[in-house]
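The chain below stands alone, shown as structure tokens; this is the form predicted on its own.
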Amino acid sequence: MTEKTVNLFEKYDVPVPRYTSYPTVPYWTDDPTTEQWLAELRKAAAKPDCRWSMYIHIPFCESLCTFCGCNNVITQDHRREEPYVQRVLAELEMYLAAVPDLAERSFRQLHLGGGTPTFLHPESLAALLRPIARRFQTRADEFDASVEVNPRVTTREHLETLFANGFTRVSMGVQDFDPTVQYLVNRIQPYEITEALTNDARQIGYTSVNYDLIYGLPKQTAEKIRKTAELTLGLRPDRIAFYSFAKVPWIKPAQRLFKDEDLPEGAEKRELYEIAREIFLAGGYVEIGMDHFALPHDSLHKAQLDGSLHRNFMGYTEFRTDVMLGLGVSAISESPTCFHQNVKKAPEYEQRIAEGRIPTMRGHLLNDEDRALRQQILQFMTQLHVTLEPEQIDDARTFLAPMMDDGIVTLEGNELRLLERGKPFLRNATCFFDSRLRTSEPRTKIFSMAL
């Protein structure tokens, strides 16, 4: 890296949101009631051309990975599987009773996340997925079902069960192939485990096998990340999500189990990304938006080319749906006009479902400004350029002046564009559109560092 590049990383490595939603969760206001949320959901589902997706959160993990920022329940008690599956299905039935139009609309995506979805035994997965398949009609060429798996606990039978229920994409948590790094994040996962599961998935018929990697983990070095990237390239996943480690010990105390001095930061951390990025690009991958790579044949790359690429709480997806219905502990839902999140604690979720109530914790009703800015942020985060409204132009020239001087963005007429050099700073540039953050900066730590 040149000295100027290092200085840029030091300048812009500040806490900023990841913009999987707008407004971002810490700035949700109003806290709509369950009935208000259902009213907004009915409004969206009433439209005959409504397309919708479903996210199901499986919170259970047998052990704690100390890098993880997800909402999870650490347990080895598999007796919890069947009751949880029944509660999720009960929650779905509550929604269908309250919003009957939803069952008649185009069901386009299903995603299982966690936690560890394959904590559930294959029989439990089948018990969860078969009622959903029976309830909603889908067309194979218009339906995408994906699952996040932990290769350490996932068997071929898991993959066969998922595939039999319409799943064609699997995302494997890899993080790093180095044994020292794995030890420090409490995730011992030999290369051979990932290789075997990858081969199983392809033999079964999965059309997209994806890897999740993380840079910025404790004791990661240039040599180690190069080795991880080369091993990844040898297995040739269809997609790679290469995330920055989000250091948030005020939210996840387990991140204090390793020392701060073990963590690469600033320019040193970003260099890890650049090393792997160079290897991926040389190996035929295409960079997608922020932190993602795909082979040219993959649907994510095709979505980037045709402009249908979308970003939501699940990250980048091939297309946008009008509604995303989140089921399970802590799951987040969205409609064109409202966000909604379930309660985060398993006992509270269990109690609400037992009482026959939607397990609402919080949400946000989007006003007209929110919706306009949300659309601009989506455009910028997926296509790296966006058209500004006339009243935004002077503000952009002032707010983004340092980034224009640094060659990160350019503003020509009313078109704001992220430059090639600016890709590492996409989150920073997106802050321009975040009127809530700009008018009310947080007094305490909320967001992870940009780089």
Ligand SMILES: C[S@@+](CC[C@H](N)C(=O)[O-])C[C@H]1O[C@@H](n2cnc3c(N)ncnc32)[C@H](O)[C@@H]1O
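Bear in mind that the values here come from a model prediction, so they are computed numbers and not experimental data. Residue numbers run from 1 along the displayed sequence.
The discussion below concerns the form predicted in complex with the named molecule, not included here.
- Shown without its partner, this chain lists 380, 243, 107, 84 as candidates; in the predicted complex, only 243 has a non-hydrogen atom within 4.5 angstroms of the named molecule.
- Screening 337, 317, 124, 175 for any heavy atom within 4.5 Å of the named molecule in the predicted complex leaves a single hit, 175.
- Residues with any non-hydrogen atom within 4.5 angstroms of the named molecule in the predicted complex fall in just one of 26-34, 413-421, 390-398, 66-74: 66-74.
- Interface residue remark: residue 116 is counted as part of the site for the named molecule in the predicted complex, having a heavy atom within 4.5 Å.
- Proximity of residue 148 to the named molecule in the predicted complex falls within the 4.5 Å heavy atom cutoff.
- Taking the partner from the other structure, the named molecule in the predicted complex has a heavy atom within 4.5 Å of a heavy atom of residue 212.
- Proximity of residue 311 to the named molecule in the predicted complex falls outside the 4.5 Å heavy atom cutoff.
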